[in-house]
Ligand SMILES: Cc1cc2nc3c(=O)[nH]c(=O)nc-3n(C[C@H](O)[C@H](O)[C@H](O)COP(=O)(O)OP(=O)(O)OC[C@H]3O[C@@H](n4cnc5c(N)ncnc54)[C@H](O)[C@@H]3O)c2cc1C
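The form predicted alone is given below as one chain in structure tokens.
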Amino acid sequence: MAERRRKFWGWGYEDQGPNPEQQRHLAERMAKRFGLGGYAITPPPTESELNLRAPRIKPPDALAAICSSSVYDRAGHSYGKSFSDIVRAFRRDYRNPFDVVAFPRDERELVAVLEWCDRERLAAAPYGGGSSVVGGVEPPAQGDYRGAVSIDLGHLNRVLEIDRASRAARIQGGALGPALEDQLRPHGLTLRHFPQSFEFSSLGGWIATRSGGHFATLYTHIDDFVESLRVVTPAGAIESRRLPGSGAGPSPDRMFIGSEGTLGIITEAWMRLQDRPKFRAGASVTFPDFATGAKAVRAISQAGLYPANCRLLDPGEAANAGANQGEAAVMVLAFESADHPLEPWMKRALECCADHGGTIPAGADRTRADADATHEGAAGAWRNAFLNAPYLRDTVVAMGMVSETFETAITWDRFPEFHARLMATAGDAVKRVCGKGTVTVRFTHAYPDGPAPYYTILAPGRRGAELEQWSEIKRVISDELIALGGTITHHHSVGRDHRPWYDRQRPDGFATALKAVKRALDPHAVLNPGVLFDP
């Protein structure tokens, strides 16, 4: 049986995504929506169309068996999955590919690859699932490197050990989401970390990028689940002590969580697990507008209820997801437990919604002992739209659209002004650059002290100028976002795309300390140069 192949140019497997008929239907909807005559759909690139630069380096004989310089492997590892990545792929623009892709089968071979890169001054980029949307996996465009190597951790994909008493597991960094959960399921356990990229992202990648996952409150980031780490650096391996908690100085784990492959490569992690949920309660609550719904989210987040899902969609987002026709904002609310029914928690959350003008569906506070509680109605429509979004991005690019998202966080006291000004700035930028378009927003996560709003831009592009239009819109909105006191990224990480604004957000003293750590662990600056800071 032939092995399924990932698209080298886009999201998912080659046999996945909208078929030609579905693409045409989507194009017709977009043309009608924006009052345009129609869209021509550009076909995706093929390997035969790529004219990659010849590899500048050759792996040593001892590593040749685990290295590849094929067009497919080099092209597939040279870009992530952002809008700009997909646009460049559709333009057949692979002017700066990796020279070699290494596939180490264990930590010993990983160390050998990293030693080769360090010895020969080769830029080395760790690769988990390649789902970066911020330029976090591509080779550097500058620097005096002799070549560039992508280190694919796909073979380091096993759950090595399970501690059922402590509810934890030792897991290799290359394990993708589905494989990881498949290995935990027979033990009745789950990591319960489900980012949108779950299908094609890895544990090591989640940790390195401070991934945001399934839980909209309480356990929002992968940080919450890390018990200890093992990291391979050019200066040697580092392994932290496995503990439920510690007050012994700055946390060594925290130094590598969010380091984005610049300080070392995460090969293993002890992760805190949970029992698989048995009880679920879900509801979709409508509000007359987004501002009213936001007040209900604040009430719920400050009540100590900690719902698994508490996402608020503005009318535009609700319409895009098929949750309604765009006449109201929608809150997707859900609770889960492996231990107890959920009626009291749901009842209190719905009271918070009603106190702020929410319309409560009948029977919403009922606990269900199956997944249907969160897979039906408006909640189910949102879930399906959320999971399908990465597949649609490829089609949006093929149609010549401009699309981007801005995910941030701000405290509740500043949110009303922040939101109003950012929406105005985004709307003006889209109209000026593209002539027309839409700006929508939803909350992806909610904290007692503030929300994490996620803004989505969709606009018709000019053929051949989509990347330049995207760049201008991103610059204007990101400038305003930082000026208003938000974070440049809540869960998509920094990479290269967010560097200009991360440099403004990060305290200068911390930048100095971070660079000193870099010099100590990676003295020749071969690991992911240009990400987080300059070599």
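In this text, all values refer to a predicted model and were calculated from it rather than measured experimentally. We number the residues from 1 along the sequence you see.
One more form of this protein exists, namely the form predicted in complex with the named molecule; it is left out here, but the text below deals with it.
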Original post:
Looking in the predicted bound form, is the named molecule within 4.5 angstroms of a heavy atom from every one of S78, N96 and G147?
Top reply: no
Original post:
Looking at Q196, T438, S240, Q274, which has any heavy atom no more than 4.5 Å from the named molecule in the predicted bound form?
Top reply: Q196
Original post:
Using a 4.5 Å cut on heavy atoms, which of A281, A452, V133, A294 is close to the named molecule in the predicted bound form?
Top reply: V133
Original post:
Of the listed stretches (123 to 131, 284 to 292, 318 to 326, 355 to 363), which one has a non-hydrogen atom within 4.5 Å of the named molecule in the predicted bound form?
Top reply: 123 to 131
Subject >> Proximity of W11 to the named molecule in the predicted bound form, heavy atoms at 4.5 Å >> reply: yes
Original post:
Heavy atom to heavy atom, is E260 within 4.5 Å of the named molecule in the predicted bound form?
Top reply: yes
Subject >> Touches the named molecule in the predicted bound form: G205 (any heavy atom, 4.5 Å) >> reply: yes
Original post:
Applying a 4.5 Å heavy atom distance criterion, does S201 contact the named molecule in the predicted bound form?
Top reply: yes
Original post:
Counting only heavy atoms, which residues in 259 to 283 are within 4.5 Å of the named molecule in the predicted bound form?
Top reply: E260, G261, G264, I265, I266
